[in-house]
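First, one chain by itself in structure tokens, the form predicted on its own.
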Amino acid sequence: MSASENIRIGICGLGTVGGGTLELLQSNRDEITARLGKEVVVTHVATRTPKPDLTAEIPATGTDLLALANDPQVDIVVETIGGCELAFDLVAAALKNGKHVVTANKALIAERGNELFAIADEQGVTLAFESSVAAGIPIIKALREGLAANEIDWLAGIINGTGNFIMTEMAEKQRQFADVLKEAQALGYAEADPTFDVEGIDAAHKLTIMASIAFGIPLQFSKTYTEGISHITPEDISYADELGYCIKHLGIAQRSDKGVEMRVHPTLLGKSRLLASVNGVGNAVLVSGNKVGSTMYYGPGAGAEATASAVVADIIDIARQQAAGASQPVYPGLGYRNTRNDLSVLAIEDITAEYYLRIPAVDKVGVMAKISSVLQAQSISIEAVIQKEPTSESVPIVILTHSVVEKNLDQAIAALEALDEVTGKITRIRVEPFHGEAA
């Protein structure tokens, strides 16, 4: 790609993101050309769902993805087909052929990125992935460039719009999870199979990527703890509110003397915290650096236009690097020349946190004393208690604990559930104080 040549793009996949990328390149062509001094031209499209209205001006349109990756007339391959197996073969082939690749595929990066970045490094080409995390929010650039002078202490995000919409509706209207999920599907916010969204898998892919950039560690999706929101009830939201909290489905990564935590789960969050005000389908990521303090990045985390905006931004970055004569990518892989292997990822039972417990118990004298005794045996101290009127034959006892190692809490919950006075499963939700963020 010389300074005088146009930039030739091949798009693989013409669904929501691929189609949005093509439309953006066409509609904002003059602006992009003015910024680069050369034109970005889509010369090839490979798709199994042809859209003649979008591809009428494209010289080569077909169905063979790997043929596009091998075509010498393509400078940058844009991968938007999703999934892992075929996408991996496509991206690996393009990189091995010396082509730069832009992908919106969070699962591919989180699960196979270590292999792909190694290929890109060998070939001296760029694998760009800004659009894989939080779509229109430039969080990858913020972590890799804007905050490059900082040690990142922790980051936390609302990084799935479907889950945030559901939690917002449940909180504002006291609706049940299943009811709001049906509405989210009807509105197009949730897929027919919502598992990736509501069980936290989508968020875990994104968190894995951000944690790797923040802490300089290899991608380790299999070690990211993942918990969904389907067990959260309006009652839990109401009790949390009474205690001064809201409940958000968060992805949290933080570094401590013991290692790195990577976890996605429902979280009690103080109402004055920045993330507490992020509602609906919005996404936001809060990052704490050791010099800059806490900064937050908010915006649309999904959708054709927002994701395409990030895809095209990566195309422009690659074109600028080439125009400047960079012989190697300015930001290789995750932004580190060498990833760190001295930071281990903690298992969830080894983290230390505060906790919300909802304990269904019989309504009789002495029950609270027994519960307190079990907690005390595991060195768990109580910060606050709510005890409501009996519902049928049981009464919900809600407890906030001080900080405790999770495996100690696991033992306490097992002992509590073994009590004759406890009538069912105990609900446990982690509480996050976010030290270092101004309340």
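These numbers were taken from a predicted model, which means no experiment stands behind them. We number the residues from 1 along the sequence you see. The term rigid core refers to the maximal set of C-alpha atoms that superpose within 1.5 Å between the two forms.
The next section is about a form of this same protein that is not shown, the form predicted in complex with L-homoserine.
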item	value
Contact residue in the predicted complex, from Gly216, Gly161, Gly289, Gly259 (heavy atom within 4.5 Å of L-homoserine)	Gly161
Contacting member of Glu191, Asp179, Glu242, Glu305, with respect to L-homoserine in the predicted complex [4.5 Å, heavy atom]	Glu191
L-homoserine in the predicted complex: contacting segment from 338 to 346, 357 to 365, 294 to 302, 312 to 320, heavy atom within 4.5 Å	294 to 302
Touches L-homoserine in the predicted complex: Lys106 (any heavy atom, 4.5 Å)	yes
Distance check, Lys206 to L-homoserine in the predicted complex, heavy atom within 4.5 Å	yes
Partner proximity in the predicted complex: Glu79 to L-homoserine, non-hydrogen atom cutoff 4.5 Å	no
L-homoserine contact at Asp197 in the predicted complex, heavy atom, 4.5 Å	yes
Flag for Ala190, CA shift 2 Å or larger between the shown form and the other one after aligning core	yes
